[in-house]
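What follows is one chain in structure tokens, specifically the form predicted on its own.
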């Protein structure tokens, strides 16, 4: 219980240094009281590159308390990047032993790791208390399962700093970045060249920004892994699918996508005016094995009401023995196609 109260004291005492001439863009309230202020990190051209906060906090390790003076840095997405400490105020462990280079390296690894056990534990569960023989008191030892995850003698330092670096500040940074989304910001996101940045982009762009940056987004769908291409096409405003450039892109690249991405594309094409070349290229994708895709393609061609295309569709259906639902077959038979 004593250690738990120490952690509460630590969190309640958090604050960030306000530097003259700097204006914080927001401040982050801690769950157990206190707050720290976050500043923008802009380059000489005024382009936003990330965020930082100079934090001073009391840390208590086994009844020994001291202040931590540390500067945190985050990228545009709120991912923790790095920390710095003043040369005259290094991080210390029990008995005020300064962190070694290896300790600093391990702390950097801890603060950027989201798969650690101890970060999800309540503070009071981090140690095991044992009664001292012959003494009316208790001693505490780090829980065995987390010993390798933390720095010996700096358990609460690791715990507290991780929650500062990866706590509510992340959502606050993402919200602020999204509000500032412009062409420069989009270019910065693209330079980050990682899937998290790309997902952030497709979830943050306005309709106008999608229109202005459509070639780049389409390129990302070809390079993206997993469900990113599917999700990106689902986010692209439907009216943009009428653009000649996008339809020409699909003619060239539709076959490169996974089945689920193709199904997402076909869904977006419903109700869109489609060019004859695009419809012909889709007819070529008919396959006796893909009934779901077949039905969407057939519906797109029927909706177009072009006799020439319907004739090509009928020939392809017979050639590939494409399965149709009863409504589609009835419609095509009524048109004399089958």
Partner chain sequence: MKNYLSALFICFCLSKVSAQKKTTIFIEAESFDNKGGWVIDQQFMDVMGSSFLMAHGMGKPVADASTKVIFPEAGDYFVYVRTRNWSAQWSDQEAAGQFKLLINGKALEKTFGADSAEWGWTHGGKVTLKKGEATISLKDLTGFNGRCDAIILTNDPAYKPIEDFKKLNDFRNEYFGFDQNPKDAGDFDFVVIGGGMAGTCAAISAARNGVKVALIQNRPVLGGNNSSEVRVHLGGRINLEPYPNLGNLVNEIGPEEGGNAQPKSYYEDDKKLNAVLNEPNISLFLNHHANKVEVNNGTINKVYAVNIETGEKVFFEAPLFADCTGDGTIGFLAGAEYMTGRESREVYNEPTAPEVADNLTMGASVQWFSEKAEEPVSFPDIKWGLPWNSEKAEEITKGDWEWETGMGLDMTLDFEQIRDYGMLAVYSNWSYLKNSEATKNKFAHENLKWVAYVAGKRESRRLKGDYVLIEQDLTEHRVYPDGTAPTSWTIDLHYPDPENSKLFPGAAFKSIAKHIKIYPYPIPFRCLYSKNINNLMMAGRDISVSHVALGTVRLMRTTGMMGEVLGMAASICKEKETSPRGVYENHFASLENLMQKGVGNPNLPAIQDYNLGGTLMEGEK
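The structure presented is a predicted model; accordingly, all values stated were derived computationally and were not measured. Numbering follows the first chain given and starts at 1.
Just so you know, the form predicted together with its partner chain exists too; it's not on screen, but the next bit is about it.
- Remark: of stretches 243 to 251, 80 to 88, 150 to 158, 227 to 235, the one touching its partner chain in the predicted complex is 227 to 235 (heavy atom within 4.5 Å).
- The partner is absent here, but in the predicted complex a heavy atom of 289, alone among 289, 307, 273, 42, sits within 4.5 Å of its partner chain.
- With the partner omitted from this view, the residue of 95, 115, 223, 256 that lies near its partner chain in the predicted complex is 115 [heavy atom within 4.5 Å].
- The putative spot formed by 196, 203 and 296 is fully lined by its partner chain in the predicted complex; each residue has a non-hydrogen atom within 4.5 angstroms of it.
- Its partner chain in the predicted complex comes within 4.5 Å of a heavy atom belonging to residue 263.
- Residue 268 falls outside the set of residues with a heavy atom inside 4.5 Å of its partner chain in the predicted complex.
- Residue contact with its partner chain in the predicted complex: residue 174 places a heavy atom within 4.5 Å of it.
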